[in-house]
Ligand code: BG6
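There is one chain below, alone, in structure tokens, taken in the form predicted on its own.
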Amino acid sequence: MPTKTYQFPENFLWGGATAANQIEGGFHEGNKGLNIADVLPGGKGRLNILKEPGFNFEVNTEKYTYPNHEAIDFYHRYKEDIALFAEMGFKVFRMSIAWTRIFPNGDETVPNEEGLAFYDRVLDELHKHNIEPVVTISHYEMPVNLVKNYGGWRSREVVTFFERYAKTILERYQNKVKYWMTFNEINSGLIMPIMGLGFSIQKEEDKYTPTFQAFHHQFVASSLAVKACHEIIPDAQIGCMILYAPVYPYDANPENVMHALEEERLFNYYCADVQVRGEYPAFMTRYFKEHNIELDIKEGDLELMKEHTVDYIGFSYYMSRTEKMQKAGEEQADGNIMSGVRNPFLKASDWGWEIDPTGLRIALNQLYDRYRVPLFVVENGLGAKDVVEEDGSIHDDYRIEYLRDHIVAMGEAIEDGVDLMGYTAWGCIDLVSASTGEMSKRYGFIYVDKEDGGSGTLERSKKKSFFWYQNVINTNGKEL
């Protein structure tokens, strides 16, 4: 237990985070179209699909299961779930809107009213319980039609489709949503372009030019969404969202220190620099030259990106990463779509993710020192195997310890001078894992009775962490 009491801001945004494709289900209901998550099979093999070339974006029910199709059925149970969030005392709930509920194929000119009405009901239910929604516009759920017929974010045309989608939801929900984010974990496209950029690199293809051209299109699209948000909802805040993992050098060897710096700049700062500072960072000039990357930048793109930067940085933090120039013979560490060498000073989760609360304090200081804009920890949590006791209770003390240590790190960062808006624990209710498609990798304060194979009643029950987090929020972080 912490021996120190932390002072969080009076208006600190405590809550939880989810994504539409991981909780909603109802994948064929309400005139919804197919998105990328709908065609990704469940199981640990999903991670290989995400990283290997040649995925065909087809559903094969004879060979695979597709847990995202039903997920935890938030589509029908949202009132019950939101009531539980309210019981915990959530100030905010981070959610995403499924692009294919609004534009089923992505390239229509008229939105789907059934999809718009569904989110009206969800947002109204949140406000009924005095919970502010934090909405991610695009969270790993690009319409499959845009993937197959346009090449995903390779295509400049997709910028136009995204702008239409963003403007549609900004206008529709302008009186219901104050906090927005553009692309979830935008930098993840460097490692798994399928989910982040909407395409799979082909085996014979050079990966660099299509990847960074796709990023450029997303930067333009993000700037257009920021511009629209500021025009349509002048008092709203719209942020970017990155996956952030501090990169440690394996040792004091200058070669390893430089290697860690290069890895950190590319992964942690490249996308954030463009969206927060409004321009490509200087270090990318050399990177583009060394990898023969020539971007097709249209007239006005750079001016648009410079003029319409984000208001805050939302980021996910699960782990740090340790890098060594020569990895041969070193034990590898598993991680959130990325891996480095094993850090001997850190323990790991059931899924091999290294646990590093101090890394969150480091991340917050690094980001605030670099950008001087408000920060928002919009994902942080522990994926673990929970055991339901005979009396139905779930004693997830390991999750409480993990979250407590990370909240302590946030408290320390606030004392360091960091401007931190809020904290939304990832997977506040059990959901389908994005990287592996598993239900057994549980994050929630709320247990959902569903197994990896699809069996289960979908009934909800409160874990021990539910009551702990309820008290954390009630005391504004004073009692951890």
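Don't overthink the numbering: it's just position in the shown sequence, from 1. Predicted, not measured: the structure shown is a model, and the values here were computed from it.
Beyond what is shown, the protein has a form predicted together with this ligand; the following relates to that form.
Engineer: Would you check whether this ligand, in the model of the complex, lies within 4.5 angstroms of a non-hydrogen atom from each of Phe183, Gln275 and Asp311?
Structural biologist: Checking in the model of the complex: none of Phe183, Gln275 and Asp311 is within 4.5 Å of this ligand.
Engineer: Which residue, Tyr140, Phe161, Phe90, Phe376, is the contact with this ligand in the model of the complex, using a 4.5 Å heavy atom cutoff?
Structural biologist: That would be Tyr140.
Engineer: Using heavy atoms only and a 4.5 Å cut-off, determine which of Cys428, Ala413, Met421, Ala434 is in contact with this ligand in the model of the complex.
Structural biologist: Checked against the cut-off, the match is Ala434.
Engineer: Can you tell me whether Lys441 touches this ligand? I mean in the model of the complex, with a 4.5 angstroms heavy atom cut-off.
Structural biologist: Close contact exists here: in the model of the complex, Lys441 approaches this ligand to within 4.5 Å, heavy atoms only.
Engineer: Find out whether any non-hydrogen atom of Trp353 is located within 4.5 angstroms of this ligand in the model of the complex, and reply yes or no.
Structural biologist: Although this ligand is absent here, Trp353 would touch it in the model of the complex, with heavy atoms inside 4.5 Å.
Engineer: Give a yes or no for Tyr318: in the model of the complex, does one of its heavy atoms lie within 4.5 Å of a heavy atom belonging to this ligand?
Structural biologist: Yes, Tyr318 sits close enough to this ligand in the model of the complex that at least one of its heavy atoms falls within 4.5 Å.
Engineer: Given that the partner is absent here, state which listed stretch (364-372, 183-191, 219-227, 113-121) has heavy atoms within 4.5 Å of this ligand in the model of the complex.
Structural biologist: Only one stretch passes the 4.5 Å heavy-atom test: 183-191.
Engineer: Enumerate the residues of 274-306 that have a non-hydrogen atom within 4.5 Å of this ligand in the model of the complex, in sequence order, or give none.
Structural biologist: Contacting residues: none.
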